[in-house]
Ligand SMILES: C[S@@+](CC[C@H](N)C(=O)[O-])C[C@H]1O[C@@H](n2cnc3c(N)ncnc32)[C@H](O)[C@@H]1O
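The chain below stands alone and is given as structure tokens, in the form predicted on its own.
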């Protein structure tokens, strides 16, 4: 038997269940058509007695699911059989109701893997331990937020019960107050946290609900939700740290990424990773140009195309500034005699790439897939690295 979190119980360390535990109040289950594997699975809402899942000209009563075990069958009003399963994180984020377009599961997995997160478990023998802070701008649907929280939650100690209405409804005021104090004290001592920000309060509230409903808030305590602007939030945090960088990594899932490079660069620690997710390769180009022209200490390590027919893992692109060979030749002829060795052009090009003080006029952008030639839909993930000083 596999050890999983109990259906219908608060996600709390030390609680395990058999894979065959019965469905309970507030569970979310995934129903799969037993005769049509191509049919889209049905993600339920939180199970409550007396409610039902409304389908096209059909329905499934929650009462028919409550009390059943995983892998059991349930029949709809029209006698169509579905198998009860527990949704994976990918199934949950891809199928849950949305008000904005989400980052789909395969792309979210790729982005998290690019951060190369390796959090360590808490050591009770050490009084001070390193913290891990990740900033995500553009909460959206909350899909990437959930994937990030899953990657870092092992760095925190056991989560106490979340003092929400599901738990506090039948508790006395004194018990509720103690639960709140315990929970807030635990939050202050977290070793890893995801700070996710959205400019829309409606989008942030929806994403918070999405996160809180997955496995009864399993990853919710490891996330802080914020509403506002990137500049305001990061500036206030930098003021609190006297200008000392505090972010290990950052993610920008929004247009015009280069507008935020300066403030994010100041908040990001040396060697920290900045991930940008853009629908257009020209937005990556704009960021590259901004970094070259400004004093932002960021270096573009790689660009990966995701979505469309690219497949899982993405397709790497070659994005870099160069000067046309004709321009380089004209420049060398103005400076040196024609007897200069032929490889001088290549050396000159290399010098121009590495020198931050080079003349910025005449630069062009190389922008093409490293493998294949066809460009199809999807988006572009840029992986930037914070340098100790400006690098081009």
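A quick note: this is a predicted structure, and the numbers were derived from the prediction, not measured. Residue numbers count along the first chain shown, from 1.
One more form of this protein, predicted in complex with this ligand, exists but is not displayed; see below.
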Quiz prompt | Non-hydrogen atom within 4.5 angstroms of this ligand in the predicted bound form for each of 140, 144 and 253 | solution = yes
Quiz item: Within 4.5 Å of this ligand in the predicted bound form, heavy atoms considered, which of 260, 92, 225, 219?
Solution: 260
Quiz item: Here the chain is shown alone; which of 134, 103, 274, 152 has a heavy atom within 4.5 Å of this ligand in the predicted bound form?
Solution: 103
Quiz item: Which one, 112-120, 200-208, 73-81, 292-300, holds residues whose non-hydrogen atoms are within 4.5 Å of this ligand in the predicted bound form?
Solution: 200-208
Quiz item: residue 230 near this ligand in the predicted bound form, any heavy atom under 4.5 Å?
Solution: yes
